[in-house]
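First, one chain by itself: the form predicted on its own, in C-alpha cells.
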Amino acid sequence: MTGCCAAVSLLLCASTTMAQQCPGVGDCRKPHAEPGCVMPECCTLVCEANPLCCDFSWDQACADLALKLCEGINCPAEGECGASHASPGCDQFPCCDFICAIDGWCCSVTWDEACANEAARMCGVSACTIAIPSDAIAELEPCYEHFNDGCSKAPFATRAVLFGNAYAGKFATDAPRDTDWMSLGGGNAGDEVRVQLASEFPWEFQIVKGSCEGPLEVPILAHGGPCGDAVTLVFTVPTGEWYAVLTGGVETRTFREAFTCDEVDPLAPPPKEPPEPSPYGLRYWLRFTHHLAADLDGDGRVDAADLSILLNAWGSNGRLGDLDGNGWVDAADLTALLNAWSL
C-alpha cells in the first residue's frame, strides 16, 4: 500500500485511491500494468472489491473480477460511436454512456445502426429550456400518472384540445412509457391541419387512426427536436376516429427510460430513488390550427364563392372540389361543402 495508509484507515485510503484511478487506462477485462481501467463504473466496482486494483496494477485477478462484476457494462468499448458494429457499447465514454441511458439496447445487445444514428444526432447536444407561450393551457398530469395515454394504458383517456389554443405538457418515461394522446374538437375529413410544436427533448408525433381494439393505423409519423425554434407540421384530417399523439423518440426508436420527472409529488413518487437526472428537459408546447377543406378559395369561409368553384368542377376528376377524395367532383362533395357552410 502507499504511504497514505499509514496515516488513515485502509477504507479511506482505498476510497481516495479509487477516486484517483477510476477511470484509468486499459481494458477492464484484460490485465495491464497501470492501476484502474477505462470503464468508470466497472473500475469502481472492481476496486471496491479489491482496492489493490486501483493502488498497484490491474492484474489478472482484477481482470477476472471485471468479468464477474461488470456484465452489461460496455462504456467505453471497441467500435466507433458513429458507426454500427456487432458488439455493444462504443469508444467514446460520454457519448456511449448518454446513448445507453436512453436506449439500453445499445449497451446490452449490439451497437446497431439505430444506436449509431442516435449518437450522430444527439451526442454533444446541450440541454435547453424552451419558452412556453403565455396563453398555453397546462397539462396538469402529475409525475408518473397517466391521465391521457390513450391506448397505451387502460382505461382509455385522451386530452381534449381545440384548434387555435396552445397547450403545454411534459414527457417523462415510466412503465408504460408516457404518451400524450389528444382528441381535437372540430374539423372534417380532408381539412388541412397545421401543428406548431417545440420541445426540450427529441419528440415523436403521430396521427393515430382507429380504435384500441384494432386495427390502429399511423398515417402520419414525424420526429424533431430537441430545442430550437418551433416547427410546423402539416397533415390532412383522416376519415373516421383519429387522435394526435406526442411522446419522446427518434426515427429509429421510441424512448422508454431515462427521462425522469423533475417534479416532487409525494402522491406519485418516481419509480426509482433517487431518480437520475434526465438527459434533456421534459417540457413541450403545441398549437393546432386548421383550414377547411371546403374553403376552396382560401378566404376562411365556406360560402357561395366556394359553391361556384365546386359547381364549375362538377363531374371532373380534378383535385379542386374533390372533398371526399374519391377522384370525382360529385354529389358527395356538394353535401360535404353544404355541411361545412359558414354561418
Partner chain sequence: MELPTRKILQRSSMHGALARLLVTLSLLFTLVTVAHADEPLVFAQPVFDLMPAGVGPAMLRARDLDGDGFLDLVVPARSVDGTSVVLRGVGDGHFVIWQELAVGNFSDWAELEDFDGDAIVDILFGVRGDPSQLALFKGGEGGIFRDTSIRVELGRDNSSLTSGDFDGDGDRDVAATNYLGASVDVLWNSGDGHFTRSARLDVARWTGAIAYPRQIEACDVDGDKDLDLLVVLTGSGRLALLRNDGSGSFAKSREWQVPQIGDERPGFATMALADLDADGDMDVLGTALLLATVQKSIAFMNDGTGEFARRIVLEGTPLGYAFSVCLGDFDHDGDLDAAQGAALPGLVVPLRNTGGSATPILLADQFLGIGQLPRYLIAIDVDNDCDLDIVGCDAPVQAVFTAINLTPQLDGCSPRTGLLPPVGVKARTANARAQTAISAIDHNEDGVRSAADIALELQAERKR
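Only a predicted model underlies this, so the values are computations on that prediction, with no experimental measurement involved. Positions refer to the first chain, counted from 1.
Not on display, but discussed next: the form predicted together with the partner chain.
Taking non-hydrogen atoms only, D112 approaches the partner chain to within 4.5 angstroms in the predicted complex. Although the partner is absent from this view, G185 stays clear of the partner chain in the predicted complex, with no non-hydrogen atom inside 4.5 angstroms. Although the partner is absent from this view, C212 contacts the partner chain in the predicted complex, with a non-hydrogen atom inside 4.5 angstroms. By the criterion of a heavy atom within 4.5 Å, R253 is counted among the residues contacting the partner chain in the predicted complex.
Only one of C143, M122, V161, I220 lies close to the partner chain in the predicted complex, with a heavy atom inside 4.5 Å, and it is I220.
Only one of the listed residues (D97, D191, E204, D91) places a non-hydrogen atom within 4.5 angstroms of the partner chain in the predicted complex, and that residue is E204. The stretch from 112-120, 130-138, 162-170, 75-83 that comes within 4.5 Å of the partner chain in the predicted complex, counting heavy atoms only, is 112-120.
In the predicted complex, C151, S152, K153 are the residues of 142-174 with at least one heavy atom within 4.5 Å of the partner chain, listed from first to last.
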